[in-house]
Structures are given as structure tokens and as C-alpha cells.
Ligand SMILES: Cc1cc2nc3c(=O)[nH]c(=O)nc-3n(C[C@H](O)[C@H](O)[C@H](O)COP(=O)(O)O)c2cc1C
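The form predicted on its own is given below as one chain in C-alpha cells.
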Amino acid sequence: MKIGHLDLRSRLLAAPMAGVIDVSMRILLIRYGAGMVFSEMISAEGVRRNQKGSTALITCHPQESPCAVQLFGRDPLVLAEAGRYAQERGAALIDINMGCPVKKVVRQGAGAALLREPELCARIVDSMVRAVTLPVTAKIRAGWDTASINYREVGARLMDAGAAAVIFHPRTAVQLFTGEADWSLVGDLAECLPLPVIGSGDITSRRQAYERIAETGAAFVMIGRAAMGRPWVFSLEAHEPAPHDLYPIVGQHRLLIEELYPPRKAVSVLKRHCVYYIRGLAGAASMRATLMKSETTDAIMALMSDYLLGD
């Protein structure tokens, strides 16, 4: 259960999710048993330019430890500079995104576009390993498309460049998030590489995560969207709580949000997370619309109380 020198308490890690996994959520996921949490994807160029929108995402709050910082870009020197900054801010691990298929990232030649340049992938990892004293990982996909499946080659190059682990989402870039993640590929990569492989994609429960570990030999598994509004997914006692049992969890999250954000920001962050908590419940759409009109955290919690605890 090690990545580099890091000894993690669980094989289940919280995936980086842009616009979702803020510091309040990461702290809560650590409390519920996640072995490590990852920041959302952060622009290395933005960090180099000291842009507040990028640097503010590198929080590394003591309560979210161990927290990995995920960076994206394509210039090895710029990424290395951003990695040093993240290390100074308290990051436990630096992850380089080589799998994001979103157009605005790929257009920059970053994210999944790097899969078409395995040599550059290796130079990026080598540069980062030389720049920081933390474990360095990279997140990849199976390839750009079905005609260019190259996860074995990329994985081997990353290992040779000094990566401490490889995070593998077994879809191609052009698939985006359609179809099913092919976990047999995770097993294949885990068999090929003598370093930890972290599987990612379509994990919906703790039980399923450990089934994937047993089936594939992956060292760790990432949980992403299934953790939205469901922090207990990492817990040993993971089970779906009744609506009335959700209220104290939301209350715990509310206190974190109020501690971490100024009042106006706290309102918007709490609204967003409350929407995650009520997904799938009866009347959730109507409740969501009502929540959006709230102007204080007290008002939000009053609505949540009526909704979750009402007769």
C-alpha cells in the first residue's frame, strides 16, 4: 500500500474531479477513509504565471493530508516549476494529467494529447522527478483511439523516467466517458509493470473497488463520481444511509465549508454539494430549484432539514 515513500491507509483513492472535489470535500473524504485525495486538475502554466485561479486550488490543508496535486501542461520545465510550488505548499504527491480528453486541454497539446507523444511523456516525468522530492505519478488512458492503443509503451516509458506509479483509465481519449471502462487492460498493465498501477473508471462502490483489485492486480483504485454526495463510499461500513441520516453528514460538510470559505462563497459551495447529496431522492429536482434561491447557509440548512427530516 505504498506509492514511493508514502504509506497509505487504504487502497481506495479519491479521484481528481474538476469543479467538484474542493478542499471541503477532500477533508470529508479523508475523514471517511480515503487513502489519498487528489486536487482537481490545475494548469501548470497558470501556476507559473501566479494566476489566482490556479494557485488557489493548491490548498494542501492539514486536514486533507495526504493530498496529491494534479497538474496539466506540456512543457516539462513549466510543469516542474509548478511541481516545486505545489511541494512548497505541502503536496504529498505530484500527478501529471496525461489522460484528460476535454477539448480545451487537448487543444493545448496537454492531457490526453500527450499520449500521441510517448517520448515527451517521459521527458515530463523525468523533469518533474528531478524537480521535487515527492512521488511523481501520471494519469493515462489506453491510447488516443482504437488505432493507437499504446498504454503499455507509455507506461513503460513513465516507469523508466522515474514515475512512482501509473494511474490508468482504461478508455481511449476519443471515447471520452462513453461505453464501459475495460478493466482487463488495467490487469494487463499491472502485469506488465513492476510498479503500482492505480485503476480508474466506473467504480460505484467500495465492494466493486476491491473486486477490481482482486481481478486485476491493481495496487489501488480511484473513486470519482460515486463519491459526489456519498463520502461514506470510502468507509469500512459503507452503506446507503436513509435520507434522515444524510442530514448530519451535510451538517458536518456545512461546518467545513463555513470554516474554509468567506460567506458568499460558502453559500455557492454548500448549494453545489447539497445538490450532490440529494441526487436520486424523491423530489430532488424541485428541491434543487428551491436551493438555488437560498442566500445564506442557514437558509440552505433549513431547507435540507425540512427535506431530509420532514414527515
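Position 1 is the first residue in the sequence shown; the rest follow in order. The structure presented is a predicted model; accordingly, all values stated were derived computationally and were not measured.
Only in words, not in the display: the form predicted in complex with the ligand, which the text now covers.
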Of the options Leu29, Ala44, Met41, Cys67, which one has a non-hydrogen atom that comes within 4.5 Å of the ligand in the model of the complex?
Met41
What is the one choice in Val197, Val129, Ile223, Ala92 with a heavy atom within 4.5 Å of the ligand in the model of the complex?
Ile223
Among 202-210, 114-122, 82-90, 144-152, mark the stretch whose residues have heavy atoms within 4.5 Å of the ligand in the model of the complex.
202-210
Taking heavy atoms and a 4.5 Å cut-off, does Met17 contact the ligand in the model of the complex?
yes
Using 4.5 Å between non-hydrogen atoms, is Asn97 touching the ligand in the model of the complex?
yes
Within 109-140, which residues come within 4.5 Å of the ligand in the model of the complex, counting heavy atoms only?
Lys139
